[in-house]
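Only one chain is shown below, in structure tokens, and it's the form predicted on its own.
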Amino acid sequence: MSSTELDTSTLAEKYDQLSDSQFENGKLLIKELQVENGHLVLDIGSGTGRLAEYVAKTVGKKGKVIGIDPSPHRIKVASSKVKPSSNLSFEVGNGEDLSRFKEESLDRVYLNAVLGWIENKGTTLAEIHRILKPGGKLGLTFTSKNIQKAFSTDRQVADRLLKKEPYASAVKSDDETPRHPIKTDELILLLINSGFKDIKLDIKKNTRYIPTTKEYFDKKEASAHGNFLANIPEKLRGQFKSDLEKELEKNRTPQGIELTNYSLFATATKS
């Protein structure tokens, strides 16, 4: 089953409301990418279009932003942001098939919090290299598999639970189905093998305060297209969710439940 088959219009609308952290990281990425007026830009995994709408204002009337996403529900929400005579458009699509785009036709391509959902990353990066103009840039925000396991608050809490029964004998603790996370060094090798140069990496610590566990679960479910806890057997999900809620509450502060993780930013140039 693909990661978007469980998506719904309700989840898409909820994501549009709860994706502030992804949006803020995306704005930082766009600054690093040096997106300018007149640029032709592709947003792969554009979701509900918040960042693409922001970028469209940057490229102006002489530029163009195209957003693609495999979920028709998210494309529907995104398309509602498009005004007549707009320099912004959205289509159903995914990063592993960019055949609709001509060779050397785009100035910038970015994937904001999307790379971990793409199974064949090598194909995607090679396709991006093909459609970028010489000197064009690729931008990525992503969570590194090894860094996330070591430093993400909720990931550490979940992993501790998965080592206990009844979960230990039923779930592989490193199973992240349907996501396909990547380690930082693996990404660098893929970028080099795809022909990119001037690869730059930066890391940002994120500390968030969630008012309720309900909001936490709502955002997780919406971000995962309905696949949150997909690696847990269905008969154990209710119990695991309850156990996870109790553990997360131990991190409550006067500001809310404190959660920390690290986002990585990568940019690369087509040689």
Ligand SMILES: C[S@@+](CC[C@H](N)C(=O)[O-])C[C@H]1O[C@@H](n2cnc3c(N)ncnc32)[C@H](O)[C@@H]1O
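Heads up: residue numbers just count along the shown sequence, starting at 1. Here the structure is a predicted model, which means the values were calculated and not measured.
The protein also exists as the form predicted in complex with the ligand; that form is not presented, and the subsequent description refers to it.
Is residue 226 close enough to the ligand in the predicted bound form to count, meaning some heavy atom within 4.5 Å? Outside the cut-off, so no.
Residue 118: heavy atom within 4.5 Å of the ligand in the predicted bound form? Answer yes; at least one heavy atom of residue 118 falls within 4.5 Å of the ligand in the predicted bound form.
Residue 22: touches the ligand in the predicted bound form, heavy atom cutoff 4.5 angstroms: Although the ligand is absent here, residue 22 would touch it in the predicted bound form, with heavy atoms inside 4.5 Å.
Taking any heavy atom pair closer than or equal to 4.5 Å as contact, tell me whether residue 3 reaches the ligand in the predicted bound form. Taking the distances in the predicted bound form, the answer for residue 3 is yes, it comes within 4.5 Å of the ligand.
When the ligand is placed as it is in the predicted bound form, which of 65 to 73, 231 to 239, 31 to 39, 198 to 206 ends up with heavy atoms within 4.5 Å of it? Among the listed stretches, the partner-contacting one is 65 to 73.
Considering non-hydrogen atoms and a 4.5 Å limit, which listed residue (190, 131, 114, 182) is close to the ligand in the predicted bound form? Checked against the cut-off, the match is 114.
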